[in-house]
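One chain comes next, on its own, written out as structure tokens in the form predicted on its own.
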Amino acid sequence: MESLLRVEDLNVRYKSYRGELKVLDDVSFEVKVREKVGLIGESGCGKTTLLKSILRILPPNSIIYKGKIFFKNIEIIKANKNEIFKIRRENIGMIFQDPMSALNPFFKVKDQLYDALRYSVHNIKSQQDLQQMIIKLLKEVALSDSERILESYPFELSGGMRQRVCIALALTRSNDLLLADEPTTNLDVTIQEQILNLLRELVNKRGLSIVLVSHALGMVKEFVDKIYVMYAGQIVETASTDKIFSEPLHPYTKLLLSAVPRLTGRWKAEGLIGRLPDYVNPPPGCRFYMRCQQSNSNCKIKPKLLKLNKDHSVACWLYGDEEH
């Protein structure tokens, strides 16, 4: 399949009063046309930073220290403002983790959807056309009571309804790629299932590529074709979804999967001992080294992402020699 998005050796840092936080460390990442990609890892490992780097919406204290991001034939880091605005307007949409923060509390839903469509769609001929497009968009995200929804402020809607509005906003501009940053985190279980099914239906219907960020592994398993496992700003393993769940290789991936709840009564949770490293002064080698039960002296040297077969790569000294 043709490559749609390609990230090469991306390094992102944040300025802080303690010094520079070295968050993303040589991250390489690829999304192909119509491909569903999962990005998993515990909270604080840099998943959201990676997505915001793609859209160039990082906060002012961030520094893209090194690396390249290609969307189609455009190098995003070097692109000018007009090129970036065009990509945000026509090609890539993003669903943020917290819909209450993503929506403006001072404006009604209709005002926010109207502005998004005016910004993204150039052939709107009349106010009536705009109204019809809004109603069609709400129906696409399974919000049938359009009149009440449009006249409501975000705080007047339930969490699930707010997230559907956020999905509608993202769809106004995502003709190629949808970035979904833990879109079901703040919702109850039944609503999570509804939102996930809605996303799957819309992605298939529109022929979109999607990057789904989550730490809910069961949800990712049912949705994506390929998974990237991230730990402390490093990609430690990537493979097809089936391979990640049936043949995990990296010790961190194995520990993540061991913590997934089972329906059998004999399952016992195995938590990860320790915590993420300090990003001001992270370990020079594998950043999982201090928490890994299989670590050795080689782990103080950073391993490369080693391709073991066509669709399975791992960054771990257990699967290579000192020269890999």
Partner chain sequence: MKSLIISNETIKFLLKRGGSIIFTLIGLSILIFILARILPGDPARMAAGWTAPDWVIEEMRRKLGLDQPLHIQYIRWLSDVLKGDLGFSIYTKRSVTVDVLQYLPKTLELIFVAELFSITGGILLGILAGAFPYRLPDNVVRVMSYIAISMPAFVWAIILQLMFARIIPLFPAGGQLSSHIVPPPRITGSIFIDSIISGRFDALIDCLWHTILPALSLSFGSMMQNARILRMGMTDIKGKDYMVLSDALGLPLRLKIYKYQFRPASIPAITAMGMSIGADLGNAFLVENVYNWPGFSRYGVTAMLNKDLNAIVAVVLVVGIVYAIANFIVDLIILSLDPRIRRMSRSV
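Please read all numbers here as calculations on a predicted model, not as lab measurements. Numbering follows the first chain given and starts at 1.
What comes next is about the form predicted together with its partner chain, which is not displayed.
- Proximity to its partner chain in the model of the complex, taken as a non-hydrogen atom within 4.5 angstroms, holds for one residue of Glu151, Glu222, Glu247, Asp188, which is Glu151.
- A heavy atom within 4.5 Å of its partner chain in the model of the complex is found for one listed residue only; from Asp242, Asp129, Glu75, Asp115, this is Asp115.
- Proximity to its partner chain in the model of the complex, taken as heavy atoms within 4.5 Å, picks out 168-176 from the listed stretches 247-255, 225-233, 197-205, 168-176.
- Its partner chain is not drawn, but in the model of the complex it has no heavy atom within 4.5 Å of Ser144.
- Its partner chain is not shown here, and in the model of the complex it never comes within 4.5 Å of any heavy atom of Met290.
- At a distance threshold of 4.5 angstroms between non-hydrogen atoms, Gly218 is out of contact with its partner chain in the model of the complex.
- Although the partner is absent here, Val33 lies well away from its partner chain in the model of the complex, with no heavy atom inside 4.5 Å.
- Annotation: in the model of the complex, residues Tyr279, Ser295 and Trp317 none come within 4.5 Å of its partner chain through any heavy atom.
- Contacts of stretch 65-85 with its partner chain in the model of the complex, defined by any heavy atom lying within 4.5 Å, are made by Phe85 alone.
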